[in-house]
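Okay, here we've got a single chain as structure tokens, the form predicted alone, with questions on binding and movement later.
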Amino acid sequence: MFNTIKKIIKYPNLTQNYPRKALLSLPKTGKTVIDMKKCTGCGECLGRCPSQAIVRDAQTKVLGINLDTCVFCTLCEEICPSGAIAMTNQFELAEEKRTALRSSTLVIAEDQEIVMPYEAICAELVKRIRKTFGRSLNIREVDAGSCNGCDYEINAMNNPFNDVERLGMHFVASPRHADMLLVTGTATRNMQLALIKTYNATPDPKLVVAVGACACSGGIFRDSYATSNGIDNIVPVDVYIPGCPPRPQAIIYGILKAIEKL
């Protein structure tokens, strides 16, 4: 008994308060932004982007980044000779429509402040989940042909640091018990039928969340004979979470956004 009390005092509660409180200290591996005042138009980033996420408008010659395709590799920031590209710590990027992740909304000016937005959803989160579903939110994770990077981050949602069960979220083994499908991967040819069957087995009302660049757009495997350019070509998607992979907090944010949709 004494040893137990000693450990409780020595090792305090490590579970984070997100999303009740915003994360203050984060590495800069979030949204990528382009300062067109510094950009010289050399096109170095266009040719070097591994996922071809950087695009240039044919008329205005303005550069933009498609976040649904971006793999957040930081290569563009490293190779830009004029320092016009920068990674930020903005990770709350989930959107209900894939078009909201396209380049038209992503170019900023030099004098604009890069601020990590925070949506105060969590004060009554558990109450809202119970009101919507009558119990905990049951989630079924579906690997539709991923590299397992996104799956590792989803697994991390259950560790003591994130502990999503404190928010009324629970992972289940069968889609027949699920309210939401967290789908990772590009929906490869061999997994397309399995994804459709899983979707059909999930009772209504149901939510589908695309997790990661591959699920959102196909990522670096886009336009391949063996993959789909996003799982929305196979099943309806309610929320898109970009990233390669998105961190657990970004996935939590996307789940909350999906609940808000209901």
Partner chain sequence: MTAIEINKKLIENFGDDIIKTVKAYENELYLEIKPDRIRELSGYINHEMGYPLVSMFANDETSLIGKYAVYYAFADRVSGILLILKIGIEPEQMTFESIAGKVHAAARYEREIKDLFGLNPVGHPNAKRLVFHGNWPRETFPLRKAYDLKHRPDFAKEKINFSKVISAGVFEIPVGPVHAGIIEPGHFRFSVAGEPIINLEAQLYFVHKGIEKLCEGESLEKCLFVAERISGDESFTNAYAYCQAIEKIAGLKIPERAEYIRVVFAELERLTSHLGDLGGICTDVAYGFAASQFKMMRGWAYGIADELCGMRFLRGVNRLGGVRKDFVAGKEASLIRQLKKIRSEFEETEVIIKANSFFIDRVENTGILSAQIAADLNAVGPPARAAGIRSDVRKSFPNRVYRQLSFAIPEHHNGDVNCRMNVKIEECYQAIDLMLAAIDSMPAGRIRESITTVAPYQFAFGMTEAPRGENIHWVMTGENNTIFRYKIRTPSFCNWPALCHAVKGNLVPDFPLINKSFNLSYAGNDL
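Treat the numbers as computed from the prediction; the structure is a model and nothing was measured. Numbering follows the first chain given and starts at 1.
Unshown form predicted in complex with the partner chain; subsequent notes refer to it.
At a distance threshold of 4.5 angstroms between non-hydrogen atoms, R189 is in contact with the partner chain in the model of the complex. Proximity of P160 to the partner chain in the model of the complex: non-hydrogen atoms within 4.5 Å are present. At least one heavy atom of T74 is located within 4.5 Å of the partner chain in the model of the complex. Taking the partner from elsewhere, R222 is found to have a heavy atom lying within 4.5 Å of the partner chain in the model of the complex. When contacts are defined as a non-hydrogen atom within 4.5 Å, none of C42, S103 and A258 contacts the partner chain in the model of the complex. For the partner-free chain shown, A194, T198 of 193-210 come within 4.5 angstroms of the partner chain in the model of the complex, judged by any non-hydrogen atom.
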